[in-house]
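Single chain ahead, written as structure tokens, the form predicted on its own.
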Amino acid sequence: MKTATRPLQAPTEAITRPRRRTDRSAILAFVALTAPMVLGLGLFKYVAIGWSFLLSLSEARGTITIGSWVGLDNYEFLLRDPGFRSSLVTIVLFAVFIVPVTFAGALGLAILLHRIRRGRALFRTTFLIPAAVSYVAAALVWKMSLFNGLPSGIANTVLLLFGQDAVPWVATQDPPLYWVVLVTLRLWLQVGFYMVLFLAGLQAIPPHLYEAASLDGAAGWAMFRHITLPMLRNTSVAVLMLLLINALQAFDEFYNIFSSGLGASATAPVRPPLVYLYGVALGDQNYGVGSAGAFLLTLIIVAITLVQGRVVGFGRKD
């Protein structure tokens, strides 16, 4: 026996949606919590940037008030300044070396750590701890303990074990052994952080890709080239961009390694742009030229980053 089904009837009454009520207390709480941050951000960042731009177009020696208008003379002076151009060459060479070495070291450590089954958390934490150390503190440790140039220094102690004489690492300019101090310090501070980024990318690769490649006879370098590297493309692009920006903004290790006491590193054998401009602005009290240098350096970093992003395929769809 069939039972008659009653057809569904369309609602005859229009569905009335509840009227949204404005939660004024939530809006007031949002404004009260964010207003100090927005005010501070606008005052100490954007207003400061605008004031610095005006300083870069004026004669400002010994004062941060806007002086006489000089237009682009400060920019032209810096571009002709051998000291500033030398600092640009220094930081480019530093970036050309430190970026690929840090990239390879972080990727290699991540692959090794990804393969081990036990103790992964311990090793990951051990390598990541240096990323939490201040650049200033690390530079002082490198300068005063590890590479202090004394026979009791850690690096010289290792050399003495192999029958070598003690080396004044920071003071030796021929050959420029101070680069050993600068490079090892930057590697120690950065490799662990970028290793964690690569490790997260490796753990996101589906295992069945490796299993299928293994069935096809692939192994070792073939798997790394055709599976690991393509799957890590987005992570690699982000790491390369961060490494390049950090390298071009190098300041703390160069300043603290070569500084003596509280003085600036005016006699340092190499100075990156930020250290050079620090000396111009706060040492020579020439805030107009110092501000112009800050904007020049920003434009250079943005241009290089855009070119690098274009080359490595930043934003490109898979």
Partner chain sequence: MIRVLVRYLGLGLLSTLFLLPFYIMLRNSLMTTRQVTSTDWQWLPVPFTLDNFTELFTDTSVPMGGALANSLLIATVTAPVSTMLAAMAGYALARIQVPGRGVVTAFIVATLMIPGSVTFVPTFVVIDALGGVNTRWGIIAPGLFNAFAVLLFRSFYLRFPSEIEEAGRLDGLGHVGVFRRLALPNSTTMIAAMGALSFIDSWNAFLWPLVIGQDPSTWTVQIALSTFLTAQTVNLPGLFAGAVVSILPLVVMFLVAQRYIVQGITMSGLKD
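Residue numbers count along the first chain shown, from 1. Bear in mind that the values here come from a model prediction, so they are computed numbers and not experimental data.
One more form of this protein exists, namely the form predicted together with its partner chain; it is left out here, but the text below deals with it.
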- prompt: Can you pick the one in V96, A212, I154, L161 that has a heavy atom within 4.5 Å of its partner chain in the predicted complex?
  reply: I154
- request: Quick one: from A222, V89, A137, L72, grab the residue that has a heavy atom within 4.5 Å of its partner chain in the predicted complex.
  value: A137
query: Any chance K45 has a heavy atom within 4.5 Å of its partner chain in the predicted complex?
result: yes
- prompt: Might I304 be said to contact its partner chain in the predicted complex, defining contact as any heavy atom within 4.5 Å?
  reply: no
message: Within 4.5 Å, heavy atoms only: does A268 come near its partner chain in the predicted complex?
response: no
- request: Using the partner position in the predicted complex, report whether S145 sits within 4.5 Å of its partner chain, counting heavy atoms only.
  value: yes
- request: Heavy atoms, 4.5 Å, its partner chain in the predicted complex: which of 96 to 104, 81 to 89, 124 to 132, 165 to 173 makes the cut? Say which one.
  value: 124 to 132
field: in the predicted complex: members of 184 to 210 within 4.5 Å of its partner chain, any heavy atom
entry: W188, V191, F193, V196, L197, A200
